[in-house]
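Two forms of a single protein chain come next, each set out by itself as structure tokens; they are called structure 1 and structure 2.
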Structure 1
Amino acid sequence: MVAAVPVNQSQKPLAGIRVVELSQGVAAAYCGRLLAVLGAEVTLLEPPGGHRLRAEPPFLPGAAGSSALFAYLAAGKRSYVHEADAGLGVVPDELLREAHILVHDVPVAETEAQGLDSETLAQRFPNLINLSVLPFGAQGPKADWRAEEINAIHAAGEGFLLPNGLSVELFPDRPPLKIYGHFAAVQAGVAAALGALSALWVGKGQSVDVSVQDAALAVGCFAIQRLGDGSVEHRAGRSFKYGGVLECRDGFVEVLTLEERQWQGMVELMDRPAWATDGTLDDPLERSRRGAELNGHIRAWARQHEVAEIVGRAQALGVPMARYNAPADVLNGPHERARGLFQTVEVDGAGPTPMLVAPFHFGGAPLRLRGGPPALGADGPVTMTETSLQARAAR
């Protein structure tokens, strides 16, 4: 186990950075979450009825109506309740004056009424980084289009290319598939944090425009690259020629042998069957050509074995193989525990619950969340002062 190193908030990478978050969707909220775990003070502004994602499934079992999604995304943030008349603008000047970064996903058409358009913000808060995270961005012909996760990941191309491998072999006629959860929005959250921190590095206020479609497309860039090389990808053909998802007696594993020595290790793992050792498969291109035939053998072999048995031997033989871990496997994984991937935080209705902290360590130790998700308005109501009200009335 990693020793529980008490991390003082002031020692975290982004100590002293103040962020105001006005979000409805996952992308902007995940950006705020990353900044919070890195040590920024993130103020989540919620309407009196609570953030939209507080009512979004999945819910925590046994905790009526407590959203696991909101809990994960809001952990470590402070919650303030803003005034109800959102149409007139809900972010008080006082907060923006103190903030380094405003992250929001206010639709372009509504920014002006809210006093959050780039021009107004640049004029009134010249040092503020105004970070907009929208499905199609704040500029361009589709800036006003809406998208939920399934629309965004298909607008970015990866949706059309999934599933692949065994799944598309089994179900070639089914609709293309999204990745579980909010993968595209999460990419946008990371890209948004990268954009905000890059602007912070420059050290002067500006507007930063991040789109979920752009971010998901950026991580899918190889499809565009291959188009330039003259090959158009399709989910039916985007499978490794051999290997991939294998069904074992008690679950699934993934195997991928890109290197010659890895293939040789795979042959060892299968106890050198005759079909693999007759010499004709020593040529990698021949293996590729006869991929379907190889897969027939490999899959038949896998079905005779248990996951733990072959995964352990595979790694010892230098064969890249992994168990398809269910969430509970990840949660209880010895490796994850040793690295302190989870931190027990207080979650409303569920009590102390392990929550994923962040996918990186700093200085040889995991980061630590400031706490779990805040109760609605835990850090107080936001009251508009006279100057805020006057500025709002002037719009």
Structure 2
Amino acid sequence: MVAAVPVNQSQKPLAGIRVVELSQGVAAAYCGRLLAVLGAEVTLLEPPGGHRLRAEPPFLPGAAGSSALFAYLAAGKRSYVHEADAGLGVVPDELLREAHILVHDVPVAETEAQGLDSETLAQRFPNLINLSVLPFGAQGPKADWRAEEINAIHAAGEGFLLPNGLSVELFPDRPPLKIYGHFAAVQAGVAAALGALSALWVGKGQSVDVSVQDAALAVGCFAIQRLGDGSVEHRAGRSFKYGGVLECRDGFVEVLTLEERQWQGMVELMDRPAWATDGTLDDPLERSRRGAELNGHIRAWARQHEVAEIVGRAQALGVPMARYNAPADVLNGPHERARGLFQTVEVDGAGPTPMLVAPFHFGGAPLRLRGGPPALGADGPVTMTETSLQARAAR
């Protein structure tokens, strides 16, 4: 397997685009991260004490107080420290005049005081894309509501559906679980980045309103579709009819056979046992009806084999199966290395650190980060000029 050659900075799709980021949470910060890796120059405005995610655990080994989450979200960005007096607004006019995109998560009730409401921005900076990323959007009855990740997950319905499948079978008495990390916020960051790209394509200043709840809700679109059909899904009954998570001798895999050829490949993978070659199972509806029975056979078979053995054979047979990797397996995986998914960057206090660059390629090649996370104020404080202060005071 030959590693792809990374895309140079000047060849990136957003080279020359300037972004100002004023974020407190993960959603807006992840949007800025995606724009940065696509080549935009992203200026992260931080308060004098630093971005709040700088203190968010978990922390990197050997680097007391160095947040792994912030290191990832801020990689490749610039850091400017804004003045503490938020009453005059914290984003200097000088930056907004030069920027193509402003991405922020300032609560609706505070935007006018900071001069960041859509009307003010449209009047003063008509070419600027104003990208707002809030828990429930900037408009509507919940626009003023605040929320953390756990609220967004449940508001979007995923909390009602997780855990499911093998997990709920093994631990039926467990309460609903929040997906680890910042699932909803990351989905919103993706939606916001796509919104920014769409606005750039249009080629004129405009306001883009992104709701974390809506972005996370889109992930469960099939459950919503079934709700429209009169079927309410619940974690206790939501699972693949057969397949899903399987326990092997040395770990876990997941398999999903949606197509007939995939089922036939699965039968070959199991060396065509008598129960699987029953002619009645040629009917996919019959397989669904007998899903619990099939899963009993499939799971018993999987427990007799090692992960690497059956995953390799499954992929050769066209069966969609993959192993559940530990973090070290991902970092050292030959597939991940060949695709250039990770890049070693310098993190203050932690030294050289492998970091995921992006979950996608551009033009068939991996992208590259400008560098690791910036030190606080590495690009200097933003000092407002007298003209800028007067303009803000006049609002």
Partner chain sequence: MKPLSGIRIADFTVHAAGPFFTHMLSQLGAECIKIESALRPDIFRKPHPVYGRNGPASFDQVASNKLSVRINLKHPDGVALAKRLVAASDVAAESFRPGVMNRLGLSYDELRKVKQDIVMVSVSSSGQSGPDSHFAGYAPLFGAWGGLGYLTGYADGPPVEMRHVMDHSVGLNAAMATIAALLQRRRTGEGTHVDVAAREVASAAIGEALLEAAAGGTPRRMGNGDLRMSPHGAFATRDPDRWLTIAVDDDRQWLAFAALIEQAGRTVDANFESASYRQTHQVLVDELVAGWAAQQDAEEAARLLQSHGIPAHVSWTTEDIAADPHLRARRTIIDVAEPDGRMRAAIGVPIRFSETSDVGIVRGTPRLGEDEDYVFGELLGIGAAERQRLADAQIIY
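Between two forms, the rigid core is the largest collection of C-alphas that superpose within 1.5 Å. One-based numbering along structure 1's sequence throughout. Because the structure is predicted, anything quoted here is derived from the model rather than measured.
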| item | value |
| --- | --- |
| Selected structure - criterion: the form predicted together with its partner chain | 1 |
| Rigid core fit then Phe171 CA moved by 2 Å or more between the two structures | yes |
| Rigid core superposed: Arg272 CA moves 2 Å or more between the two structures | yes |
